[in-house]
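There is one chain below, alone, in structure tokens, taken in the form predicted alone.
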């Protein structure tokens, strides 16, 4: 190692030593050596753009989810973008039109919402069911009008709403269903995986999710025509890679550049093979944490836990915790205290999204509607990570000590 690199190396070591110590993080290192080796193999091949591994991953993913087609993209956010822009595309049968209303839960992520706006559609917020953290069926029914043409369903942290009710609604009202399953890869309601119920389903392979490729995502569908639309939209509007293309630079549609790399596909595909194992570990860790808290001598019902809806085999993303109402006023101070001690927390998704400045900037809640359940979740809720390795006794003791260290002052 030359002198210049040695100085850089030493500087990184010092920075690592002085960085904030995390005892229990939201998402520890989720990559394993065999995942990295698969990425290195692609690098050594010097063919790092979309290739056979990406296609194999897509094929195996669609088979697992139960959809006819899957298309890998560079993020779950891009999958949502493709779903909405495919829904308004001139080649789409029964396409959505400018100004059509799309219902979306107020408890959502930025890029569940913004593709609706970017596609020229009108988002209509729906309140949340506090028992599931998912969209309220009751409020959903109230929000449906003649202008309602689609629902953007967000499956929160591995849980979902009653999908039988959703199927009944979209069938009777002829409404398009798009599923944001970015937090719920592997969750299965009755005999179908979440993400396979709608016209499109989106998934994320971001670092903290059920599997990771660093960045990356997947979009699934069942219609060949829909697949051809998202395939061309993913890459410049090109028909390259589709069977009916007849020349090298044939642009059949509008488009973006949302392609993944073969490196990400290799890492993601290797992790995908371990999804069911990861799912079991996360589920067991969740049970161990909850049992540790409720069986503690210091347990006084400080929290409400969110259970899986009936008929769901969940693939948990994180462990959401809802503080007892008497602790609401001290929530910010409490979270600051445990974060300082090395227990990482975050809001449940991004809280009540209607409160975000960007919603005000674009006047998306012009009626100033209140979403009481969603606001209650923001006021009381946060979540901690569920790790991919079996939780240790020392970690359980750490969580017990710090999560139950609440007072009423």
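Positions refer to the first chain, counted from 1. Since the model is a prediction, treat every value here as computed from it, not as a measurement.
There is also a form predicted together with a small molecule; it is not shown, and the following applies to it.
With the partner omitted here, the stretch from 329-337, 297-305, 119-127, 174-182 that lies within 4.5 Å of the small molecule by heavy atoms in the model of the complex is 174-182. Shown without its partner, this chain lists 89, 75, 134, 148 as candidates; in the model of the complex, only 75 has a non-hydrogen atom within 4.5 angstroms of the small molecule.
Contact annotation: of the candidates 235, 284, 111, 253, the single residue with a non-hydrogen atom within 4.5 angstroms of the small molecule in the model of the complex is 111. Highlighted residues 212, 264 and 274: none comes within 4.5 Å of the small molecule in the model of the complex, counting any heavy atom. The small molecule in the model of the complex is approached by residue 216, whose closest heavy atom lies within 4.5 angstroms of it.
Among residues of the shown chain, residue 80 is one whose heavy atoms approach the small molecule to within 4.5 Å in the model of the complex. Under a 4.5 angstroms non-hydrogen atom cutoff, the small molecule in the model of the complex has residue 154 among its neighbouring residues.
At the 4.5 Å threshold, heavy atoms of residue 204 reach the small molecule in the model of the complex.
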